[in-house]
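We begin with a single chain expressed as structure tokens, specifically the form predicted on its own.
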């Protein structure tokens, strides 16, 4: 059975085109993907991302436990700060990618991908053996609204929220319109923005208030279609496309997020450390098509007439007008920035250029 968020009826009333995504009935677009995309890049957009998972981890061994299941140093995470993490298996492969927030002493909030909540919970429970840890899945009780774009800060101020001293990747307990909620300065668009976690019963009221106060800033509701093009321009990974259980953080280009001095053992550490020291067999690349064709998920990548990898995500970039993509290729030294490779599209090879990631300048750091 396909699930619906608490805001489902709001989307239908706004005329959204609804699709099934990760087991949820979600809005893919309200007007056009390009219009919604440009709204977020130039003004401010409102997303319903309530399909994401919210799991609370607490107990005397909560920090110890999280240090065991992610490569990041959770013991060094300050109060009200967030860290981008990967949930790794024994081989260093990615069960999921997460954001972990420290919201109290031995008390954390873990945000999971919608399609991976069950797998994440199963893995977390398997790894808590012998530890004083409570894993509390509250995904069904909370809605998550994302306010994203260069005018997000103005809108949040108008809502009465004090953003002073709240930097990127932080979280605060606060109230908006008298409603208690958690507000993080995070997002999935490459733009500055906020994510508001609120109990379901208040989500419709909050949705309406954000749209009402956002009118003067040009706000629009934004669907999953623009969410995908926005994140791809920012070279942010999508689980199931760019990440999976056979791919390690190092292969995925996420070595920047792995502390090199973490002494605590974690799942897949030996594989990941070995790849840091000795390199990988495959690597992720960004590319631009040199003609009007679009490189889609699953298309094969060739170099000198030899298949060397495949596309994982691709689209037309509304911001640049270029056809962009992410993909994995064999870690050949001759494939680097500005190299010309080919993508097999409808049984014909089409030229593409390897380019630096991200594809646009990110503006999400404050």
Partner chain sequence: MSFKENMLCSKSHEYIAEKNIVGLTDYAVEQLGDIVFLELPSVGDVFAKGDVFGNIESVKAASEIYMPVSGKIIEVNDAVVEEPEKLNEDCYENGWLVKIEPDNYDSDITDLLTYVEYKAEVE
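It should be emphasised that the depicted structure is a prediction, and the values quoted were computed from it without experimental measurement. Residue numbers count along the first chain shown, from 1.
Same protein, other form: the form predicted in complex with the partner chain, not shown, and the subject of what follows.
With the partner chain left out of view, which of 32, 320, 331, 60 would have a heavy atom within 4.5 Å of it in the predicted bound form?
Partner contact (heavy atom, 4.5 Å) among the options: 32.
Please tell me which of 126, 173, 140, 292 lies within 4.5 Å of the partner chain in the predicted bound form, judged by heavy atoms.
Filtering the options by heavy-atom distance leaves 292.
Counting only non-hydrogen atoms and a 4.5 angstroms cut-off, does residue 356 reach the partner chain in the predicted bound form?
No, no contact at 4.5 Å.
Quick check on residue 286: any heavy atom within 4.5 Å of the partner chain in the predicted bound form?
Outside the cut-off, so no.
Would residue 228 show up as a contact with the partner chain in the predicted bound form if we use heavy atoms at 4.5 Å?
Output for residue 228 is yes: heavy atoms within 4.5 Å of the partner chain.
Looking in the predicted bound form, any heavy atom of residue 25 within 4.5 Å of the partner chain?
No - in the predicted bound form, heavy atoms of residue 25 and the partner chain never come within 4.5 Å of each other.
Have a look at 39 to 47, 311 to 319, 336 to 344, 66 to 74 and name the one stretch with heavy atoms inside 4.5 Å of the partner chain in the predicted bound form.
Correct option: 311 to 319.
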